[in-house]
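The chain below stands alone and is given in structure tokens; this is the form predicted on its own.
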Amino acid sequence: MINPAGIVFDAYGTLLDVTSTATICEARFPGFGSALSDLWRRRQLEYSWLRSLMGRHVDFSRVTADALDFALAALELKPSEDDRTALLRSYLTLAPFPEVPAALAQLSAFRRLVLSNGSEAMLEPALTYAGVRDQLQAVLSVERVGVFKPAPQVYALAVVHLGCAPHEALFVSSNGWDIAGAAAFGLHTCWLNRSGAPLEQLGVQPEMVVADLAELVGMLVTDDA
């Protein structure tokens, strides 16, 4: 088992439950909550990858808004300005996964930071709302390099901040494609596979696979640590 110089967490889908947007989607558009939330998230990721490939970077709040507008149009939903504003604000009040606050506290022997596609203006209030910001020593955004994950220069932000080599840090994400990017860069990786999804076929595999953060705590923290 490694003793990492720091643990680097993805935010969306790893610490923060992006599916919790389904609640407000359903409240605003009854019968469409899950469909709208799922399509919104899928397009959000796809637009981040496409913008990176096209060299047309904008911050994640713009990507999120564009993805929402597409999802609403695809489902033939007609939002009021108040609906749209409320849906976008939901990304500032995402629920943490249930075990996350306690697990981060139990990992206090390690340096803990977030590395996310989100802008700091999105991440700081969201992590504070979730009650976990004080468990993190840093929140790093892709805005510092102007390209989204899984570009290698994003993962480089973490090791530069930690002052270590890639193989000395542990990256944790629920997104298989994100794990692949981190592994390709040379980070130790732990895939938080909450849904029992199959492995991504991208030529690299996670070193560890856990069902939740509590399981990772059990692997990294011992009674005599």
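So that there is no doubt, residue numbering starts at 1 and follows the sequence shown. All of these numbers come straight from a predicted model, not from anything done at the bench.
Another form, the form predicted in complex with a further copy of the same chain, is not on view; read the next lines as being about it.
For the chain shown alone, Pro152 is a contact residue for a further copy of the same chain in the predicted bound form, at least one non-hydrogen atom being within 4.5 angstroms.
In the predicted bound form, at least one heavy atom of Ser52 sits within 4.5 Å of a heavy atom of a further copy of the same chain.
Residue contact check for Asp66: one or more of its heavy atoms lie within 4.5 Å of a further copy of the same chain in the predicted bound form.
In the predicted bound form, Leu88 stays away from a further copy of the same chain, with no heavy atom inside 4.5 Å. In summary, the region of this chain contacting a further copy of the same chain in the predicted bound form, judged by heavy atoms within 4.5 Å and restricted to 118-126, 136-144, 100-108, 70-78, corresponds to 70-78.
Applying a 4.5 Å heavy atom cutoff to a further copy of the same chain in the predicted bound form picks out Pro198, Leu199, Glu200, Gln201, Leu202, Gly203, Val204 from 190-204, in order along the sequence.
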